[in-house]
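Take a look at this single chain, the form predicted alone, given in C-alpha cells.
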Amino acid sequence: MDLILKKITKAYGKQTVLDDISHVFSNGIYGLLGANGAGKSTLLNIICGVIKPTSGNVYFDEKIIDSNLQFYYSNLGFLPQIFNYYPQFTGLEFLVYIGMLKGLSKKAAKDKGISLLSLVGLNNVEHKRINSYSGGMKQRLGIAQSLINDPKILILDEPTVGLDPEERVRFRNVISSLSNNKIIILSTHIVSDVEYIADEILILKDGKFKEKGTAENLLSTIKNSVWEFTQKGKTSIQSLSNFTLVNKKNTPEGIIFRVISNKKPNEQAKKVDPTLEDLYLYYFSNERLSR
C-alpha cells in the first residue's frame, strides 16, 4: 500500500508554506531534509491528518485518508517534534496506555511495550516514572510509542534530538531494520541521521521539493564543486563571497577551508569527494553569498 501526496499546498494567509507538493511513498526510508522553518513539520502534520492542507489530498491504500481515518490511524505511527507524555506514568505504563488507545488489548500492549523498551534500550527503567528519565531516554520512549501498533507508515519528526552519538547509532540501526515492510519518513536537519540509511532523500525548500533521489545521485550534482585549500594569515569574509563556505579549521600550517564553488577558488584548491552535509549547506547555508 502506497502513501501518495497529490498537489499538497498549505497557506497561512498570504504566506504559502507548502506549494503544490506531490510524491509517492512505498516501503523504505525517506529522509526529509530542510532548514528550520522550511515546512517539514507542516508537511508531516498534514500526512498525519493533524492539520488540513489548503488544497490537495493525501491518499493511502488508494483512498483519501479523510474517508477512513480510523483505518488510516491504525496503520500510522508518529513521533512529533515536541513529544508529550504523562510524567507520573512509568515507561511501560505509558506504552500500555498508548497501545490500548491504538486498539490493542492490555496484554498485547504490555507484551509489545516490553519488547519495544528492550529495542530502544529502556528495559532496565521500564518501571521508573517518566519524569525521572533524561531527555534522551524520553526521546527513545517517544520512538517506542510510535511503533506500538506495528504501523505501516512511520513518521518521525526530528527523532534524534537529545540523543547522544551512541543512541543515534542505535536509532539508525533500529529504523534500518524496520524498513522492509514500512514506509518511514524521517524529517531532520541533521544529515548524518539519513546519510547512510535513507533509500531516497527529499530536499524541501521554499515550499517545494527542490531535489529528490538517492544520496549518491544527489551528491553527483556537486561532485566537481567541493574544494579544500589552506591559507595562511587572516581571510576576510569578502574574499569568500563567491562560494559556499562549508567548514574551516585552524592548523599550524594555516586555515583549511572546505568550500563549494562551480569554479576552482584558487590555485591551491583541490577537489574532494562531497558529503551530504556539503549538499545540505549548498542549499541552506546562511553563509552562502552567491553560487
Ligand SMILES: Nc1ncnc2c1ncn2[C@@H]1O[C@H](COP(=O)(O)OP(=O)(O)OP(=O)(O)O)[C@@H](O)[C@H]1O
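Predicted model only: the values in this text are computed from it and were never measured. Residue numbers here begin at 1 and follow the sequence given.
Form predicted in complex with this ligand: not shown, discussed below.
This ligand is not shown here, but in the model of the complex it comes within 4.5 Å of a heavy atom of G39. Of the heavy atoms in K182, none are within 4.5 Å of this ligand in the model of the complex. The closest non-hydrogen atom of I222 lies beyond 4.5 Å of this ligand in the model of the complex. Using a 4.5 Å cutoff between non-hydrogen atoms, V17 counts as a contact of this ligand in the model of the complex. Of the stretches 223-231, 253-261, 66-74, 29-37, only 29-37 has residues with a heavy atom within 4.5 Å of this ligand in the model of the complex. Shown here without its partner, the chain carries Y12, Q81 and H189, all of which come within 4.5 Å of this ligand in the model of the complex through at least one heavy atom. Heavy atoms closer than or equal to 4.5 Å to this ligand in the model of the complex belong, across 158-176, to one residue only: E158.
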